[in-house]
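The chain that follows stands alone, in the form predicted alone, written as C-alpha cells.
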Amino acid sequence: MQNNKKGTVDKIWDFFASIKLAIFVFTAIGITSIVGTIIEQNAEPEKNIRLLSKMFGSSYASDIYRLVDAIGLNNMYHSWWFIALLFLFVSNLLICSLERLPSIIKILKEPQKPIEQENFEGLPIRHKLTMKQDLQGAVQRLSSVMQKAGFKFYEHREGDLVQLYAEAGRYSRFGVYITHLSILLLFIGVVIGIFMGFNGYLNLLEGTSSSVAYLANGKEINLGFDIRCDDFEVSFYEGTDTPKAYRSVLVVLEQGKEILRKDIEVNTPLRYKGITFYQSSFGFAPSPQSLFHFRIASKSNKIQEIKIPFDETFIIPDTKVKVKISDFTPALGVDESGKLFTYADSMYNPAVLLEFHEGNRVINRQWVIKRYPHTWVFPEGTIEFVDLWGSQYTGLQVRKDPGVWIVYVACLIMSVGLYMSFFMSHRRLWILLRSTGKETEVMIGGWSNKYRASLAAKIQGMVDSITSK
C-alpha cells in the first residue's frame, strides 16, 4: 500500500509554494508600506505626534505613538518584522518559480514537430483556402509570406502533402522567471543596503569640516575622510521668502589634502567612496568667526571685496569715509506702522545697518538689504551686502548604500522580464498543403500561449495576402 503522507520537508515546501501565502504577504507588505508612507520615518517624535493628533485627536495621539514606536512603524524598513515579510515574499517567489520552472523547461526542450492532420481541427486558430497554383508554386508563395510575417519555418514532405511549420517567442516564457529573478536581486540589494549601509545627517557650518555623520539616534558614523563646507547660498523666489534653490560648496579632504570640490544642489549630490551627500536643509547659526562680505564700488568705479567681522570698519575706496557695521538682522521686516523688526531666525531677508563716518562726524546711517539692490546705493558709490559668511549651515543627508548597484541591475533585469511577459508570446504556426492537380488545398493553423487575438490577426493578414493575388 502506497504511503501518501507528506513529510516535514514536503509540508514546509508546500507552505512556501502556496499562492495563499503569496497573497497574504503581498497584502501585508502593501498595507504596512502605506502606513510607513504616512508615518514619517526616522523623524522627531513631535512631528508624528502632531500628525497623529490630526488623525485621531490630541487625547489619543501620545498613546498611539507609543504603540507605533513599540512595533517599529517609525523606522519600519529596518524593523525585524518587515525584513521577515520581505524574506517570506522572496522565499515564496523563489519556491513557486522552482516548482513550475521544470515544466516550462521541458516544453521548451521539445522541438516543434509537424502536426498530425487529424489534430489540426483542435487548433484554436484555423483557416482553409484553395490556391490556384500547383503544390510547388504554393509552397514558394507561402514560404515568402511566412518570412515577411517574421516566422523562420521548417518544411516537411510526405507524398503529395507538404507541411510548413514555425514558431516564435519560444523564450518569452522565461519572462516571468526573469522578473522573479530581478525581485530576488532587488531584495538582496535592499538587505545589503539596510545592514551594510546607513542613512544619516550632518549639519556643516560654513568654514567647518567633519569626519563623522550622525544617525537619527545620535550615533556617530565615521566617514573615513573629512568633508568641509566652504560656502552655502540660498536663493528665493522674487518677492517671497520661499526658497528656490540651495547650493553648498563641499570639499573632500584626506590627511588635510583637498581631494574633491563640488557645488551640490537638491538634485545634484556629491558622491565619494560609496557615500552620497544630498542637500536637504539649511539653517542660521552665527558665531564670532562669522564675516561680513561686501562688494564695494566707488564713484570712480574702483571695485573692492572685503570680509570683516562685526567689530571692524572699512574705508570706501578713493574717499575718506569710514564705514562701521552698526546692526544686523537675518530677516528684516516692516510692520504696519513702519517700524523695523526681525521676523525670523533664518537668513530670509538679511540686512546690515551701516554707519558712515567722516572724521568724528556721523554723516549717514542706512540699512543695506542683501536681496534689494536699490539699498546698496550711497552718495559715495555702492556697497553690496554679499553675505554673512560663516553664519549659515548646510543640512546634508548622508547615505551609504552598497547594495544600490544591485538594485539598479535588478531594475534593468526587471524591465527585460516585464517586456517579455507583457509584450511577447510563444506562438506556433502550421500550414498543410495538399496537391489536387493544378490547385492546392491549404490549411493554416496557429496556437499561442497568450495574446491569441494578435496571432489571429497576423494569420488573417497572411490569408489576405495570399488570397489577394
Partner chain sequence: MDSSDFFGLSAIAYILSMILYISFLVFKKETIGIVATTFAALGLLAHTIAFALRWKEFYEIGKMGILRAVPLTNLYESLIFFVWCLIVGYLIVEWKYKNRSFGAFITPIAGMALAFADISGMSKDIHPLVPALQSNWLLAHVTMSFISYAAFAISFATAIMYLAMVSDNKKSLSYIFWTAILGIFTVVLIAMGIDFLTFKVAGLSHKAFLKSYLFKATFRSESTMISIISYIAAIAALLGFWSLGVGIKRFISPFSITAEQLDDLTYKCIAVGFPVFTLGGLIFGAVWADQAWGRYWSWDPKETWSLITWFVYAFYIHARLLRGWRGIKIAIVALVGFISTIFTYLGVNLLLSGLHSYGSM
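Positions refer to the first chain, counted from 1. If you superpose the two forms and keep the largest set of C-alpha atoms that fall within 1.5 Å, you have the rigid core. Computed from a prediction, not measured in an experiment: that's the story for all the values here.
This protein has a second form, the form predicted together with its partner chain, left out of what is shown; the following refers to that one.
Its partner chain is not shown here, and in the model of the complex it never comes within 4.5 Å of any heavy atom of residue 72. Within 4.5 Å of any heavy atom of its partner chain in the model of the complex lies no heavy atom of residue 60.
Contact annotation for residue 30: at least one heavy atom lies within 4.5 Å of its partner chain in the model of the complex. At a distance threshold of 4.5 angstroms between non-hydrogen atoms, residue 56 is out of contact with its partner chain in the model of the complex. Remark: of stretches 439-447, 22-30, 63-71, 426-434, the one touching its partner chain in the model of the complex is 22-30 (heavy atom within 4.5 Å).
Checked against its partner chain in the model of the complex, the residues 203, 133, 199, 366 give one hit for a heavy atom within 4.5 Å, which is 199. Out of the listed residues 262, 324, 399, 141, 399 is the one that sits within 4.5 Å of its partner chain in the model of the complex by at least one heavy atom.
Residues of 408-428 lying near its partner chain in the model of the complex, listed in sequence order, are 408, 411, 414, 415, 418, 422, 423, the criterion being any heavy atom within 4.5 Å. Superposed on the core, the two forms differ at residue 76: its CA moves 2 Å or more between this form and the one not shown.
Relative to the superposed core, residue 240 shifts its CA atom by 2 Å or more between this form and the one not shown. Residue displacement note: residue 432 has its CA displaced by under 2 Å between this form and the one not shown (rigid core superposed).
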